[in-house]
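Coming up, as structure tokens: structure 1 and structure 2, two forms of one and the same protein chain.
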Structure 1
């Protein structure tokens, strides 16, 4: 594929677009970024600039297209993955958003990017939104199951009533089946009440590198906790604190026994959280 190449013009247009973006003129910025892409359509950074403006304009699908175009040219673009996650959140595509956010997070760490706190917050939001969407789906499915079972019981009751030859026998059958229906409703209601108590994973249980629940948490010199396996893998790549970027060695890590015990107690009472 032949690309348009006028880098000097593209850079000039991008710089003008940046000025408009910073002043809050997102429509004007988006237009100039588009012209910059026409001048140099092989520059991946131009697509993320336009995606940034399109996010401000709530043009979610267009922003996604720009991020995908950027990633075609540069798979290592942290910004493209980050903006892709943001656009998918707005479209309620939480699984796609989570995948993009996790890629952005991994690139943030490997590139020692200063945006790590914001990207971490986005990953946690994606996980929560994805979990809540699954919870709503599970609740709907449980309600559908209850309705189907009650309808089936009602049909079976009517079939039995047709075989009864006295009113007294029919009353007896009605009573038995109504009791069964009440028991079924009570069982589902008790299950719902149990689910409603605690189906939220507290933030303090989540490792900000792997975004899984702590199993073996350790603390750094600053007091920040990470899952041991996650922080050791990070230190193998870069011997620095993920947040402060100060030097950090495995020998600096200390077990967080209180946090570990708290997570174990939560999981013991909330087995569903293992799917987080």
Structure 2
């Protein structure tokens, strides 16, 4: 592929675009970023800048293509993954959104990026939306199944009634089938209530700084775990252990993999908890 190369002009256009973006003129910014890309189509940052403007303009699909263009040039772009997640949330592609958000999260950590808190909450949001979408589908299918079964039972009842000779026998058949139908309804109802019960988030899943569910818990030497984004935020202000006030540095933190996995598994079955 032939690349256009005028990086200096592209940078100038990008800076102009940034100014417009800052002032809230996203249409103007988007068009300047487009011109910058024409001047230099091999600079990954130009695509993420345009994606950012396109997100503001709610142009989700074209924001996604910008993120993909950026990622073909630079697989390690945190921003491209982060914007990709945001656009996919808007398009209700929650599975794609989640995998992009998780990649952004991993890159944020390895690149020590300041956006970690925002990216962490995006991961949580993706998990919740993902679960809700599945849950809605499940509830709908559940309801359809119940309706279908009731219709089948009704038909069976009618057929049996036709074979009955006396009114007494018919009453007996009706009574029997009505009992079965109400049993069925009760069973479905109980299953639905079971879903609503037990909606309690166990304390061990909660980061005591953000009060959110753990996405990436890390442990200090006291043995207590915190969400990575939260404790890093605290350590920037004060390099001390929140419990003991002893000196604590980001390099002292260790990932708590078992807790992380336990939270992931809990969320798989209890996606509502992501919003606790």
Partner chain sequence: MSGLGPKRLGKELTKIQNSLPPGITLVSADNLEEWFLDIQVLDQNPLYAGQTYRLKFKFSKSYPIEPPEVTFTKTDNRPIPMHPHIYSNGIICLDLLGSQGWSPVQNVESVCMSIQSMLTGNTKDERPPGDEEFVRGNRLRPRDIDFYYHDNTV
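Only a predicted model underlies this, so the values are computations on that prediction, with no experimental measurement involved. So that the term is clear: the rigid core is the largest set of C-alpha atoms that superpose within 1.5 Å between two forms. Positions refer to the first chain, counted from 1.
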Which of these two chains, shown alone, is the form predicted alone? 1
Is_shifted residue 26 between structures 1 and 2 (CA, 2 Å cut-off, rigid core): no
Residue 43: after superposing the rigid core, is there a C-alpha shift of 2 Å or more between structures 1 and 2? no
So, does residue 245 move by 2 Å or more at the CA between structures 1 and 2, with the core held fixed? yes
Core-aligned, what does the C-alpha of residue 224 shift between structures 1 and 2, expressed in angstrom? 6.6
